[in-house]
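This document opens with one chain alone, in structure tokens, the form predicted alone.
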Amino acid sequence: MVFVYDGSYEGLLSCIFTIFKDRITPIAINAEANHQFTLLDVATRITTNDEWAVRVLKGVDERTHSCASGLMYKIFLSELPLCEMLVYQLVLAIIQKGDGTVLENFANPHILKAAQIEKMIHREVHRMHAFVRFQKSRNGFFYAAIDPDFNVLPLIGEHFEKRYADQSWLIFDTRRHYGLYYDQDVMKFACADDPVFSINLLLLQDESFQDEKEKQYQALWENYFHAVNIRERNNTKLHLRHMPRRYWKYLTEKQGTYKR
């Protein structure tokens, strides 16, 4: 049977709860937006149930000392093909084993794949911590655009909330069209059609609404970046390993060299 859910993490967990409750072996678990119905599919739409989702998380964490739920969430945020089935396989392995030692069994291909994805997610989070570049508007609001390979926005908010607690800021994921907004009091997610979100987005897209010194700061940062470089010791391979080209379009110091 193919299970179809609304695309949310809670929806995926509701599917997994239904699978175990009804003792069904799924062929696939697909988000509704990505699923293509065919005449041969026996597809079941699962309505999101927050209580079911909580029960799944509670069940795996009780068996793994609260280690599994975070791993499952990172796999979901990876948005990789078949990530939903991998979450299911992970839950299945935990329930069959009954304790957290299963997460160390890399002979299990599903556990190994989960660990590899977690490593990739951690690398992407680290890069976002390093590569986010804020611009300042005239009203003192800070805006940054990102385009990460994985949906890591939910994982980086705490870092920026602590680091820029005295500023109002918005980090916008241009690929997934939603952002993380902080008003010096509460941090929340916002869609592109959110009033506060869209107003600040429009203002910052127009350079005339930038802070008067914003361009100066950008120039200073770019000059510093090039000044500390030693041309005779250029190592392009090492540079690209630490700062891949796909991130350049939103890096202030790379605007003179980035080509779309």
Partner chain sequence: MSNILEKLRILSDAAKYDASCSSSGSKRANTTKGLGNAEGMGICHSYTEDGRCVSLLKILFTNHCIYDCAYCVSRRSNDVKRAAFTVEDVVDLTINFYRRNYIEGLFLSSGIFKNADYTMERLVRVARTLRTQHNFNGYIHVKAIPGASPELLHEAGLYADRLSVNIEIPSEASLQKVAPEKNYSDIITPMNYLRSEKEKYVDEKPHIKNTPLFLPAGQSTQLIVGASPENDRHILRLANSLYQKQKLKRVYYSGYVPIATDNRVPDLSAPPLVRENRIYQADWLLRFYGFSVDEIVDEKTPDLDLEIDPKLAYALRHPEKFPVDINRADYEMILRVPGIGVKSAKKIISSRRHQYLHIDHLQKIGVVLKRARYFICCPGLVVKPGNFQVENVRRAIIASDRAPAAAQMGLFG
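Note that the coordinates shown come from a computational prediction; the quantities given were computed from them, not determined experimentally. Positions refer to the first chain, counted from 1.
We do not show the form predicted in complex with its partner chain, though everything after this point is about it.
Heavy atoms within 4.5 Å of its partner chain in the predicted bound form are found in one stretch of 87-95, 180-188, 71-79, 149-157, which is 180-188. In the predicted bound form, its partner chain stays beyond 4.5 Å of every heavy atom belonging to Val42. Although the partner is absent here, Gln216 is a contact residue: one of its heavy atoms lies within 4.5 angstroms of its partner chain in the predicted bound form. Not displayed here, its partner chain is approached by Leu220 to within 4.5 Å at the level of heavy atoms in the predicted bound form. Using a 4.5 Å cutoff between non-hydrogen atoms, Asn235 counts as a contact of its partner chain in the predicted bound form. Comment: its partner chain is not present in this chain, but in the predicted bound form one of Leu170, Cys83, Ile117, Val102 has a heavy atom within 4.5 Å of it, namely Val102.
Taking a 4.5 Å heavy atom cutoff to its partner chain in the predicted bound form, the contacting residues in 223-239 are Asn223, Tyr224, Phe225, His226, Ala227, Val228, Asn229, Ile230, Glu232, Arg233, Asn234, Asn235, Thr236, Leu238, His239.
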